[in-house]
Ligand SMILES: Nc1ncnc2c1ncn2[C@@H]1O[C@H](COP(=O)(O)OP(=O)(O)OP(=O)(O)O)[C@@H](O)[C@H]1O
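Single chain ahead, written as structure tokens, the form predicted on its own.
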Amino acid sequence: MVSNEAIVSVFKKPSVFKNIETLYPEYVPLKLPHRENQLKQLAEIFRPLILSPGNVFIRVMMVGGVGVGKTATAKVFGKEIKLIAAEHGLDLRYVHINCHRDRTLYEVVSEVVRQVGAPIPIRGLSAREMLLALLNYLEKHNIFTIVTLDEFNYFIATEGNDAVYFLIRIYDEYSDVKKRISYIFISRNISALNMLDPTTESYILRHTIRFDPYTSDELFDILRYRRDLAFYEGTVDDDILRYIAEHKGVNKGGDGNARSALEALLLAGQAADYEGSQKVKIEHVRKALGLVHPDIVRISDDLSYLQLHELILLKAIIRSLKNREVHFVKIGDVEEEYRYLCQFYNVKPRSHTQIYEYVNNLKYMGIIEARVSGKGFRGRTTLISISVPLEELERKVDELISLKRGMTKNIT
């Protein structure tokens, strides 16, 4: 069988990348330039867990915008403190949960049980029963756990004060037992805690670590470190990195978002590969920066947690806005496009009620804008808009739809 030469030629040509995955958002590097202070703060706060395990219940709040290193810092700290604990003869487990995906109390507790590896039945037990069973398991096997609740604001918005209170005040009922679970909470801002009562809020904010946006010099250091991991030597000069850092640094009018800067470097490298260039040039960076819209970067992580039908609905909104060339589209028009796409993807469309719930979720996440129609419309309807570049958003949505459909086929 003769291979298609057009496809084969792509795989044969050289690349500027040696480890492209080190530029992906999910990659956690060994080093975190300019987050050493935050790591030291965490170490100081959790020091009693190592030196006098079980005597202190520890909780920390980490606050900062998108792309400032909160998640990476927590994961690097979790990895390091496990090693330190082992040197002291402690069995310490680190659990990281994204509350956008697991946003109910039941989902959070069951995910802790799963990641700890406790043989506790998930079905048939309430969240409270599961947590008590977990505490018994930890006590029996002399295990300690640090649980990080990332995107904690989603958990608060979904479950409210009572669930948060239950998680953090569990030791009030069992004051004599060793404190084997401690928490790290991660949120983009503290305002999410306004939904909690003052006592619960102050209990969480006892230790707060802040993450400021990166300056251009800090971004340059981060880009240089990742450049050395991702690219072959000599393919990306320092002036390329400086150009991106100057564009993105908070002191230069940028958003100080390292994730956005790294994506620009990734796209610039891919542009160089596409052209067959042996080096990344300024023109490749200019193209990349034109594609990296800050709001797209902000919502990219959230998109990956959407269900298949939420993604199809989002694509329907994008197509409706593009086809009609208007700022807002009516939910009825979106539903019509959504049902057409469901037929195209060969999936059964969801009900109007479910679609309305999807719209509210997308609005809450900040992906779309939705409001009730006013003057100029017959009757009342929901009007939907998107403020980010539609082409780039649709490209990411298409990638995720393809991924989710592939996962569904493999399951079935």
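Quick note: we count residues from 1 along the sequence shown, nothing fancier. Every value quoted in this text rests on a predicted model; they were computed, and no experiment measured them.
There is another form of this protein, the form predicted in complex with this ligand, and it is not shown here; the text below is about that form.
### Task
Mark Ile181 yes when one of its heavy atoms lies within 4.5 Å of a heavy atom of this ligand in the predicted complex, and no otherwise.
Residue-level check for Ile181: no, no contact with this ligand.
### Query
Do Tyr27 and this ligand come within 4.5 Å of each other in the predicted complex, heavy atoms counted?
Flag for Tyr27 set to yes.
### Query
Taking the shortest heavy atom distance, is Lys31 within 4.5 Å of this ligand in the predicted complex?
Yes, Lys31 sits close enough to this ligand in the predicted complex that at least one of its heavy atoms falls within 4.5 Å.
### Close approach of Tyr214 to this ligand in the predicted complex, 4.5 Å, heavy atom
Taking the distances in the predicted complex, the answer for Tyr214 is yes, it comes within 4.5 Å of this ligand.
### Task
Go through Glu159, Asp255, Glu337, Glu151 and name the one with a heavy atom inside 4.5 Å of this ligand in the predicted complex.
Only one option qualifies, and that one is Glu151.
### Query
Which pick from Ala72, Val113, Leu341, Leu135 sits with a heavy atom within 4.5 Å of this ligand in the predicted complex?
That would be Ala72.
### Whether Gly249, Arg298 and Val388 all lie within 4.5 angstroms of this ligand in the predicted complex by heavy atom
No, none of Gly249, Arg298 and Val388 comes within 4.5 Å of this ligand in the predicted complex.
### Message
Please identify, from 200-208, 277-285, 257-265, 104-112, the stretch that has a heavy atom within 4.5 Å of this ligand in the predicted complex.
### Response
One stretch meets the cut-off, namely 257-265.
### Task
Scan 158-194 and note down the residues that get a heavy atom within 4.5 Å of this ligand in the predicted complex; none is a fine answer too.
Only Arg188 sits within 4.5 Å of the partner.
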